[in-house]
Ligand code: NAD
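Okay, so here's just one chain, in structure tokens, the form predicted on its own.
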Amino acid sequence: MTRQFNTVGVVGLGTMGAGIAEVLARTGITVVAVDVDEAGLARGRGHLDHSTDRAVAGGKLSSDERDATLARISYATSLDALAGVDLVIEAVPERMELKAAVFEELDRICGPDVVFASNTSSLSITEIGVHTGRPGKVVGLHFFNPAPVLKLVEVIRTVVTEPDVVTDVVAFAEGLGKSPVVIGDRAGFIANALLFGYLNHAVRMYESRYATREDLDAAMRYGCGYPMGPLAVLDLIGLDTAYEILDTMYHQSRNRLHAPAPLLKQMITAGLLGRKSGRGFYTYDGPDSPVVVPDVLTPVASAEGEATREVQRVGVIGTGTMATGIVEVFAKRGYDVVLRARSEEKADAAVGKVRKSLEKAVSRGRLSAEDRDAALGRVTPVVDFAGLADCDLVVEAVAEELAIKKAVFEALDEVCKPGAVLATTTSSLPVIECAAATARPGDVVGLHFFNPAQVMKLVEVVETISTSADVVATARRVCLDLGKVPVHCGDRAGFIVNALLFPYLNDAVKMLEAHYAVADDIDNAMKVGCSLPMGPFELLDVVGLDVSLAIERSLYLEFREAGFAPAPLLEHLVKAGRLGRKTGKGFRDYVS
């Protein structure tokens, strides 16, 4: 029978500590909250009042329930107040010397059977535990912010944690309505170990001026369905907190991808800590406010007189899913579209795909029958490249093989009129290689649509060192006219989205390969703890393990970064023919 923790101490009433205290009190537990001084207690009360008032306003708590919740919490400025509790949860700042001092004092004050838990997100639970006389009764209990909302709790056991303590703490977390995962003691645990490498990579992209903060964040929101972009997430977490987590991870892993980007240290020194200070990567209308306000880095609307090229007639080369999706997007927006296929049969089949997709939109009430017919009437299939001669913009969407794409661009160079914009939808190949196959490299740009093109809002506009400014401006204007969200970046492997996404997916495979956690727990941690739409293994199986491996290899070859080298497990699965959902077997088996 598991033990009951009826009275719980919470040490530290910052955002996390106050959130944990609220979670406990809302489930009927008596809470003794301790902070260093009266000012700290006042801040904690303020957090609790604000959070519970918002819960009442949102219909998640009644006024009586809020009052009862707050009545279950008592406050003190001395750890001596915790002498009679059953469990202590520590949530002080992420500094080992501070946590060690807290646990030494708790060990003196509390009874020998009291369990100690740390909410640390990165520090060693083993090292914390040795500062007590009861290391077997010390665990990690890592809640996610905001604690009253997010369900995931990581329960971290050390090599000396008593098994019944782990069992009791898991049952306790489940009683709070949380989803606990039990893991071993290593820096970052599951969620932060995967999340912070991705966040750090985004900072390095921004630091190198590869993309603006707005484009980086929009790329991940619209390209991956993430609730927040990486720089906005860092502002929410706090840049000082993020730096400490990354530094701890780096000192344990020695993985250069975890070494905090120098820009983080500079911003911290300047007092730009994120939302809590009112300024971080973005500027807010006050400390602790989520409301972003314009600053000197906020992009201004393009000038009226910005030079662009006229685009009325569009060519699309290819008959696959991406090509037909792009044809549909342009046709629905009133553009005349020339669909070039290798044969009349393929052309007819491609038009049939467009028709089927449009009819599905009509059946779902998203498109009228008249608009469907009008869109189809704007599509002209051709077999000869000469059919593209009068197009203002041509979008290549053939197979991801450089030789094939270069041959297409050589043909376009011969038939397209002067001034036509030539675009490639490649997701990983160098755009400049396509441009170099023509005598007009200034007219060539990357337009990376995301699949399905009819649904996904993001388009990466990729500029090579040769692309003319008016071509980039034209590409952006066309994307906006299509109702898309264009983000601008340079011509290097992965562009924005894949360069941020696939190292994170690769890290997840390495975590599985090391037997640190099972695929279900890793997926659950990222979905529940980080609010991502899919876990890494779900996503890899959807994308295709062979496609994922090819992208990871291209990133590794481009950047020569050891941490980008594809995980051997991924290579083995591809060799075994386990390619994901399309073959029925990947990281998981699927029923056909």
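It should be emphasised that the depicted structure is a prediction, and the values quoted were computed from it without experimental measurement. Residue numbers run from 1 along the displayed sequence.
One more form of this protein should be noted, the form predicted together with nicotinamide-adenine-dinucleotide, which is absent from this view; the next part is about it.
For the chain seen here without its partner, which of 220-228, 307-315, 235-243, 173-181 has a heavy atom within 4.5 Å of nicotinamide-adenine-dinucleotide in the predicted complex?
Contact-bearing stretch, as computed: 235-243.
At the 4.5 Å heavy atom threshold, is A21 in contact with nicotinamide-adenine-dinucleotide in the predicted complex?
Close contact is absent here: in the predicted complex, A21 is far from nicotinamide-adenine-dinucleotide, nothing within 4.5 Å, heavy atoms only.
Just to confirm, H258 within 4.5 Å of nicotinamide-adenine-dinucleotide in the predicted complex by heavy atoms?
No, no contact at 4.5 Å.
If we define contact as a non-hydrogen atom of the residue within 4.5 angstroms of the partner, is R43 a contact of nicotinamide-adenine-dinucleotide in the predicted complex?
Yes, R43 sits close enough to nicotinamide-adenine-dinucleotide in the predicted complex that at least one of its heavy atoms falls within 4.5 Å.
Since only the chain is shown here, I'm wondering whether H142 would be in contact with nicotinamide-adenine-dinucleotide in the predicted complex (any heavy atom pair within 4.5 Å).
Yes, H142 sits close enough to nicotinamide-adenine-dinucleotide in the predicted complex that at least one of its heavy atoms falls within 4.5 Å.
Give me the residue from A91, A423, V169, V487 that has a heavy atom within 4.5 Å of nicotinamide-adenine-dinucleotide in the predicted complex.
The option sitting close enough to the partner is A91.
Quick one: from T161, T120, T464, S427, grab the residue that has a heavy atom within 4.5 Å of nicotinamide-adenine-dinucleotide in the predicted complex.
Exactly one listed residue reaches within 4.5 Å, namely T120.
Would you mind checking 1-22 for residues with a heavy atom within 4.5 Å of nicotinamide-adenine-dinucleotide in the predicted complex?
Going through 1-22 in order - heavy atoms within 4.5 Å of nicotinamide-adenine-dinucleotide in the predicted complex - the hits are V11, G12, L13, G14, T15, M16, G17.
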